[in-house]
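One chain comes next, on its own, written out as structure tokens in the form predicted on its own.
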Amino acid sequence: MAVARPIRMLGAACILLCLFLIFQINQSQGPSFISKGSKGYDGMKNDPLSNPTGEPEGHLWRAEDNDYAPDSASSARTNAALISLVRNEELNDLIPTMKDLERTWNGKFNYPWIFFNDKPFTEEFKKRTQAETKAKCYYEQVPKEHWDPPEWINMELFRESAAILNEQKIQYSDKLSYHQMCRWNSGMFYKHSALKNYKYYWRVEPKVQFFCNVDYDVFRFMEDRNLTYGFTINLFDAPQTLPTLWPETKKFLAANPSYLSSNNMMEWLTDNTLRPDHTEAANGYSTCHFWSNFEIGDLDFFRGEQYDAYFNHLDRAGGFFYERWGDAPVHSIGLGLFADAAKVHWFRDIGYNHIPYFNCPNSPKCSKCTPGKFYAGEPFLAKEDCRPSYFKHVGMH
């Protein structure tokens, strides 16, 4: 029996309404996300940084409203510092970075700089860096026991492993100092006596650029909102560098299930949708991570029971030397498992570049970078962007 025309029209209207609602829901979830089984992930389709970007909402501490004089005994600065692990020979690469950050931010707030080196700093290094800032500068040496490979590392096995990674063209795999740096940045930096009385840090490396004027105190922003960590760039790692990192992490979680945050980022850490080959090669880890050459963090998180125990477990496993575990994936997995996801913040308004990747917002406060441009170089670099997975599973906060 034929269906009456009004009923057919009503049915068609219901279908159109459902399709419209589905479209709206997908739109509200942010950037397009490549589904499993697609021909291949080639980067974000609609970068949110192309849209106008302003400052974070809520109360912000500003230099014009508060005392941020460099020598003030009653300044509005909170308990925080800029930190940099840097060698004497990197001075000429560090100076332009300092100029950038002082011009765009710290010249207003005068937070101290703390430089770390496994060797003593030269007088030239001290003189030239202090000349770039009105803030106080401190020069610290990394203790030998924090830098040298621990006693349980078999150096012959390290050399054999490094040779294998080198054959696979894994960058820096045969440089012992690179492995030492990754280990120190993963779990030794927060144990240095120079940081014991600080709560927040902003990590700065040579050869990075800052493009945007930031007119609020980012450390006070972290403190007021009880944030644990801030990032700008979110990437995939090379799975060949960390094949046992996730299996070791699973061992740790099995022994310490209570450490897992109730609002964790497990789905982001284990996503196999964008680059399933990575997740498979890394034995269950997506390889997504916060690029830690920029990070603003709460030292109490890293000094806390969960993260410190996790680092000690990884350290004993030996992957900082037998593989090439970086501090970026180690920090990111630790945060993804033990931190509250709502307390991790994307600083979309801080223009940043570490070759070849960018965080460049569309803002009148920014100059000399292209809004929404993620990389400079060959098109294959687009697929290294893990933000779509992060935004899907965690959000854009």
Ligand SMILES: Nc1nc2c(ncn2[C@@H]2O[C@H](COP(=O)(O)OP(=O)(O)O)[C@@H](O)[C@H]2O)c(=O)[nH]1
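On a predicted model such as this, the values are computed, not experimentally measured, just so you know. The numbering used is simple: start at 1 and walk along the sequence shown.
Not pictured, yet referred to below: the form predicted in complex with this ligand.
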For the form shown, open or blocked once this ligand is overlaid as positioned in the predicted complex, with the cut-off of 3 or more ligand atoms within 2.4 Å of backbone or C-beta atoms?
open
Of the candidate stretches 310 to 318, 295 to 303, 113 to 121, 238 to 246, the one with residues having heavy atoms within 4.5 Å of this ligand in the predicted complex is 113 to 121
Residue within 4.5 Å of this ligand in the predicted complex by heavy atom, from Glu223, Asp174, Glu90, Glu102, is Glu90
Though this ligand is not shown, can you say which of Met188, Ile95, Met181, Leu165 has a heavy atom within 4.5 Å of it in the predicted complex?
Met181
Mark Tyr139 yes when one of its heavy atoms lies within 4.5 Å of a heavy atom of this ligand in the predicted complex, and no otherwise.
no
Spell out, yes or no, whether the shortest heavy atom distance between Trp147 and this ligand in the predicted complex is within 4.5 Å.
yes
This ligand contact in the predicted complex: Glu205, any heavy atom under 4.5 Å:
yes
Test of understanding: in the predicted complex, would His354 fall inside 4.5 Å of this ligand by heavy atoms?
yes
